[in-house]
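We've got the same protein chain twice here, in two forms, each standing alone as structure tokens: structure 1 and structure 2.
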Structure 1
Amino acid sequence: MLSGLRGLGVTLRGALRPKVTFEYPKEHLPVDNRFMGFPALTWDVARDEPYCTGCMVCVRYCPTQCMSAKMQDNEKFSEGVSHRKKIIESFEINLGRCILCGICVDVCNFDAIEMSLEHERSERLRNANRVDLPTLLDMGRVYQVEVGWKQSKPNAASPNERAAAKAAGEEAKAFEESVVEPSDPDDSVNTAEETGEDAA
């Protein structure tokens, strides 16, 4: 009798405890920002192109050979908008082969690949886990927004920016010269006007 009551007490205590389970399809456990889901390619918003240059370092270091990449000349470089001479043309990851080790992220020199938070992928087609460049970039965009991603290395200057910086440098130099040589006022004024016209 007494032991029966004690047993009921244990049951009651158990019933009143906070629950530790999640009803999986309805609820999802939140994942940490460090969570290593499937790899994704990041998007450079400032240059409006992927960070990836197709240098293949991740492809070479991947322990399962799950990815392939191809590079091409970057048109934006010839236009002077971007600093990347080469840009990714096609990139394929077989996510069925990927073991989520994160080595590709470690070795990447351009912040181009990141382990996204995406971890639930079930597909109907057999080869649907072979994802291509647009899909990887989409996954990357989602990831960048989710974690408020920031690149660790700032972008180098593009040719246009370099030219602008050079011009600005010349302007500053000319201004300095004008300050140093006040004895010849006409020349200094002319130089300043000329650089001003150039910049405009």
Structure 2
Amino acid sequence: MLSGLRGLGVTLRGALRPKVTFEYPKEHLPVDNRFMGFPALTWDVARDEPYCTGCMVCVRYCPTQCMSAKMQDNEKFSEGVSHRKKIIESFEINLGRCILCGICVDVCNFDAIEMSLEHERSERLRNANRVDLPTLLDMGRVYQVEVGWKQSKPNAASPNERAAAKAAGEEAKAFEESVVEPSDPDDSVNTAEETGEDAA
């Protein structure tokens, strides 16, 4: 009898204890602040293009070689709209091989890749976890909105912006030169009568 009551007490204490597990996938643990999900590519809203220039630094430093990329000439640079001479043409990451080490983020010089909060990508097929450029950019857009992401440094000026700034500077300089400053009365030439000298 006494042992039965003790067992009932243990059961009641366990029932009233706060829950420490979640019934996945119906319930999800909250994501920690320093959580690192799969890599994603960021989007430059100001230039309306990816930050990624396809420089291949992340591809070379990836310890599992799960990335591949290809660059192309940026048409917006030739139009003078963007400061990036090259832009990413294709980018693929095999998320099944990615170990979430974050090295790609550390070596990127352009704020082009970030470790997103995406972590639920279980697939049945072997190559189903290969994600291409549009998918990576979509993941990046979601991440930027979720965390309020901002780039570490502002964009460089585009050719059109540099030309406009140069023209504005030249116009301001020409305007300053065209303005004639009024002469100071104290600096006027004294007449002969004021100096007391003979006009001869």
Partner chain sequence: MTENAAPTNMGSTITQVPNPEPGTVDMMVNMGPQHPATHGVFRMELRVDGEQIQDLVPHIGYLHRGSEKLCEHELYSQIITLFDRLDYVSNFNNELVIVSAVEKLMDVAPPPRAELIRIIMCEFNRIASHLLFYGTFAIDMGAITPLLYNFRDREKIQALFESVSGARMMHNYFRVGGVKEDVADDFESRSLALCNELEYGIDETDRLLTENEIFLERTSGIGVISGEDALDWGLSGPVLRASGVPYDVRVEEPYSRYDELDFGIPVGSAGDCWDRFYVRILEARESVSIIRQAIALMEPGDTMAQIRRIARPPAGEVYAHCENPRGDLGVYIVSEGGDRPYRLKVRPPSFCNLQALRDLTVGHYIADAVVILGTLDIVLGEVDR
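All values reported here derive from a predicted model rather than from experimental measurement. All residue numbers here follow the sequence of structure 1, with the first residue given the number 1. Here the rigid core means the biggest group of C-alpha atoms that line up within 1.5 Å when the two forms are laid on top of each other.
Just one of these is the form predicted on its own; is it 1 or 2?
Answer is structure 2, the other one does not fit.
Relative to the superposed rigid core, does the CA atom of residue 106 travel 2 Å or more between structures 1 and 2?
Result for residue 106: no, shift under 2 Å.
Determine whether the C-alpha of residue 32 shifts by 2 Å or more between structures 1 and 2 once the rigid core is superposed.
Shift at residue 32: 2 Å or more after core fit.
Comparing between structures 1 and 2 on the rigid core, is the C-alpha shift at residue 123 2 Å or larger?
For residue 123, whose C-alpha is compared between structures 1 and 2 after core superposition, the shift is 2 Å or more.
Inter-form CA displacement between structures 1 and 2 at residue 23 - rigid core frame, Å:
Value for residue 23 between structures 1 and 2: 3.2 Å of C-alpha shift.
Cα of residue 8: shift between structures 1 and 2 in Å, core-fitted?
Between its two positions, the C-alpha of residue 8 lies 5.2 Å apart after core fitting.
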